[in-house]
Structure formats: C-alpha cells, structure tokens
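Listed next as structure tokens is one chain, alone, in the form predicted alone.
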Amino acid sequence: MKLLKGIMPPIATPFINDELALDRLERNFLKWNKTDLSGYVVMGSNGESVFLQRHEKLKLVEAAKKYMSSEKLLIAGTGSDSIKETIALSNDCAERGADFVLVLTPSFYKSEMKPSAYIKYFNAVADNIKVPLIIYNVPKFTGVDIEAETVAKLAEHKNIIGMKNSSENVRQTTEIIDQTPNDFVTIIGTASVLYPGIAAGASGGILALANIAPDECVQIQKLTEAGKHKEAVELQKRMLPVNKAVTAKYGVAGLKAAMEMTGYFGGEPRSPLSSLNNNDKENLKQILINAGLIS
C-alpha cells in the first residue's frame, strides 16, 4: 500500500457549457506532476462531486489515472448517505485505479447521526470495499461533526486507515491524533490550519489551496517538520488571504477563477453555481498578487 502522507489538492472538475471537459485536465496534471504533491483527490467538495452523475465520476477517476504521475496517490471521494451505493462506487473506483477512498460522514438524518450510527456506517463500508477508507469530516457542508472518541473506535478497523478533518478546530484534530494509533493518518482539510495541524502531528493536507499554490503548501509542511517554525508561520500567514478567498469567501467559483489566473484550466462552475463577477475577479487577482502567486 502506498504511504498516505503529504499535500494533495482536491482537484477542480473541468466543465465547458456544463459538460465534463476531461481533456482540459491534462494541462493541469502536467503542471501538478512537476511539483512535490504526493497525490490527488477526485470528487471532493471542491470537485463539485454533488453535481456529478455516477458515470461522470467514473470517467473522472479514469482520466485522473491516465494523466497523473504513477508514483503519486489517487484518492476518490465516494461517500453518500447510502451504505450500498458508497460500497459500490468505492469498488468501481478501486477497479479504475483509486488507491484510497474518501468517505463523507452521512448527514441527511442529522438528529440520528450519533456515534453508534457512524460506527455502523463506516464499519459496514470498510468491511466490503477493496481499498482502504479515509473518513471525511466536513461540518461546514454536512452540518454534522464526528467526535474524536468515535474516530478512535473506528480506527480499530484494519481497513479504516485515516481521516481528513476539514474543520478548523485544531483542538479536535489534536485529540484525534492523540487518541488514534500511530499508523492511523490524520489529514488537515483546510489550509487555514495547515501549520498548526502539521505541528500537532498531522501527516499532510488535502487542500483547495494546493490546486493553485502546490509548492507553497508543500513548503509549509516541510518547514514545520524541519523545525523551521518561524519560516513556516510566515508562509502560512502569506497564504491565509488566498485560502480564505478560494474557500470561504468565493468558494468553487473563486478557486476556478484563481486557477485561470495562475495558469491552470479552471473553467466555470457547474450550474446552479455561477462564475465570479468582474469586480470579484479584480479583488481576487489583487489577493493573488499580494501573496506573490502572480505578478
């Protein structure tokens, strides 16, 4: 099994006129493959996975596998509230080359999402899939938040090997690292807390920011792990406004616009999302200039 560590972008899914434009991915991978990114995530939140049909998801996995460097990891976001569909999609993605699957916490019946429900759900999926499972916690979108104690119980399953925590709650991340075995991997899910997360012992990050600033994200991890905390904090601070712009402020549309400005193919978000207006694009461009990502 490949080592799950390092910085990985949840790649943006390319659309032209609301249709998949997978040929445009090649250009992006040509640039990403030259960096020290350790892998890629398809069908993450920033990949607009909720707007993809099932057959499109499988095509996306196939395209990523075709264009990415063979030594890098491929993680497929396969989670849904349905255990059966999550198992089926996970195995279909595994057959197409995914090394791991990233499985979202079920969330529709929020009041019923107690620790026992998560344990039942993730154990059932992990029992029946061909590749290792990474738990995906993203309270901002799901409205539910899995507790460290529950993660620790799930970490006992041999096929549940890690968790992506997209909460900005560093205390929670630290508790997960502290309460799980050394071979259970905790991954930071937002670049806003990359430095403190790595300092606390996280193994890497799956970061929207890494789509447009892969070298900077990789460097924050390397500096932190080398004990060069002052330099790591300075770089983290420089990236914070960019990360805020392409996540909380402008969302997927902002990420795709920033990709266009930094030499990648971003394209338009899929409907019902809309592209940025010209004023927001100018504001975003200035943020990228201030961060030194474009001139």
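Each residue number is its position in the shown sequence, starting from 1. Being a predicted model, the structure only gives us computed values, none of them experimental.
One more form of this protein, predicted together with a further copy of the same chain, exists but is not displayed; see below.
Would you please decide whether S203 lies within 4.5 angstroms of a further copy of the same chain in the model of the complex, comparing each non-hydrogen atom pair? Looking in the model of the complex, residue contacts with a further copy of the same chain do not include S203, since no heavy atom lies within 4.5 Å.
Taking heavy atoms and a 4.5 Å cut-off, does L240 contact a further copy of the same chain in the model of the complex? Output for L240 is yes: heavy atoms within 4.5 Å of a further copy of the same chain.
When the contact criterion is heavy atoms within 4.5 Å, does F184 count as touching a further copy of the same chain in the model of the complex? Flag for F184 set to no.
Hey, in the model of the complex, does R270 get a heavy atom within 4.5 angstroms of a further copy of the same chain? R270 belongs to the contact set for a further copy of the same chain.
One residue of V218, I177, L73, A155 in contact with a further copy of the same chain, assessed in the model of the complex (non-hydrogen atom, 4.5 angstroms): In short, I177.
Just to be sure I understand the contacts: of I146, L104, V131, I160, which is the one whose heavy atoms reach within 4.5 angstroms of a further copy of the same chain in the model of the complex? Spelling it out, the residue with a heavy atom inside the cut-off is L104.
Every residue of E56, K84 and A117 near a further copy of the same chain in the model of the complex, heavy atom within 4.5 Å: Result yes, every residue of the spot touches a further copy of the same chain.
Which of 60 to 68, 257 to 265, 240 to 248, 33 to 41 lines the interface with a further copy of the same chain in the model of the complex (heavy atom within 4.5 Å): That would be stretch 240 to 248.
So which residues in 108 to 132, when you check a further copy of the same chain in the model of the complex, have a heavy atom no farther than 4.5 Å from it? Counting only heavy atoms within 4.5 Å of a further copy of the same chain in the model of the complex, the contacting residues of 108 to 132 are F108, Y109, K110, E112, M113, A117, K120, Y121.
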